[in-house]
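The chain below stands alone and is given in structure tokens; this is the form predicted on its own.
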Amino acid sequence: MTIGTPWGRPELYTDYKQDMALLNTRAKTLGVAAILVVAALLPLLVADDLLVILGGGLVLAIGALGLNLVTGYAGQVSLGHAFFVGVGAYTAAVMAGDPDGRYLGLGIDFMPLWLLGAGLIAALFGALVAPLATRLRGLYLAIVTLGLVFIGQYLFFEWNDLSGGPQVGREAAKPELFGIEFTVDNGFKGGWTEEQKLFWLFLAVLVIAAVAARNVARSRIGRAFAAIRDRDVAAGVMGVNLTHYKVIAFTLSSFYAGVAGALMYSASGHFTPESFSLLMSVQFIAIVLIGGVATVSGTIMGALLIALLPRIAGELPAFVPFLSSSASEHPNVFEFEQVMYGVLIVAFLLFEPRGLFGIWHRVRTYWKSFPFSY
């Protein structure tokens, strides 16, 4: 069906199926394709030190997508995301670890297997915690999930055979697939560096995770999440099984966190129990709020901004004289970086509650209607 010009109206929806499509307009299809092409070519265009930061942002985006499913789409406030990230990291390390080594290890080198295992074990813990969400909500649920972080830190600190102990840690799972050693320079044809190969790996996993999250959001499960988020009592009266869908939300969120944890330390090759602190949970909350609640593209934008924050803070002493780059002097860029999490959260909640996605949406709407005001 075409209306108006001889070429039709490509953005005019003529049925519900088109409205709910993954990419429901030609502009979105072309835009996503262009972004993916640019992202795939990026490792050939930028320096390796910047690729490390951007690659970290891609991994953060995978974990934040999970948090956005449970908090943004389903409306269940969770402050325990760092716990599930830690479960995923340690699961991958154990599965890929040396069976004859100092710490627990199963010797499973096949990357898809330990990556999937990390997600499934984290999802199992999420499913065990999920029943609490049916009894609690709001602040009470946030406090309970916050307790998971401290429980997890206790286990990680005390279970030395698993974690290696505080300030010691253990080796992360090494990503290798079909002869490609992602953590070794020139480990494959073409002479690509470690940073380039890891970026492509993280990008591929993120694309799969983002498409899956978007499909969940536009499915029957996603509509149930939205009903629970907007008014769970009304959703229950309308026939939505609150317990069932809250369990699904926490399980999916934990799976994403576990996958992110398995990949997060593959570049550095080492991690310690101190890594999975409350600050990590705050970091993921900041990504969701800054990027945009209940949006996939906004989550990715927020993750990249948070990943770039240390780099931005490191450049500030050249422009702000009273900031020091030394940790022994105050105020320094490391303190400023932590303060910026809170500042950005407050600023976006006050002035742009829809986050970076909201800014992009307003810019897009303006140019779509230009030169008309409405």
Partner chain sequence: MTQFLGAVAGGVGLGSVYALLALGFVIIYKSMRVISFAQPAFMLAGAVLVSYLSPSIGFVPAVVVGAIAIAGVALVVERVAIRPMVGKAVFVIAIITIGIDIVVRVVAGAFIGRDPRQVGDPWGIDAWEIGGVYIAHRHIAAFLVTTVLVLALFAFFRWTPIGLAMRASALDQEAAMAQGVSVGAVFAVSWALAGGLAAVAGVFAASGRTMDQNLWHIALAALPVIILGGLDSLGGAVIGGLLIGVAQQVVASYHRQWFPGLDTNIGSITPYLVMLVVLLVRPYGLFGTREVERV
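Just so you know, these numbers come straight off a predicted model, no measurement behind them. Positions refer to the first chain, counted from 1.
Although not depicted, the form predicted in complex with the partner chain is the subject of the following passage.
- Contact check for E274: every heavy atom lies farther than 4.5 Å from the partner chain in the predicted complex.
- Although the partner is absent here, L104 is not a contact residue: none of its heavy atoms lies within 4.5 angstroms of the partner chain in the predicted complex.
- Using a 4.5 angstroms threshold between heavy atoms, R135 counts as touching the partner chain in the predicted complex.
- Although the partner is absent from this view, E158 contacts the partner chain in the predicted complex, with a non-hydrogen atom inside 4.5 angstroms.
- L146 is the sole member of I108, L146, V247, L120 with a non-hydrogen atom lying within 4.5 angstroms of the partner chain in the predicted complex.
- Of the candidates V343, A27, V38, V320, V343 is the one whose heavy atoms come within 4.5 Å of the partner chain in the predicted complex; the others do not.
- Not one of T91, V216 and L252 comes within 4.5 Å of the partner chain in the predicted complex, counting any heavy atom.
- In short, of 284-292, 264-272, 204-212, 110-118 it is 284-292 that has heavy atoms within 4.5 Å of the partner chain in the predicted complex.
- Contact residues in stretch 231-257 (any heavy atom within 4.5 Å of the partner chain, taken in the predicted complex) are V233, G236, V237.
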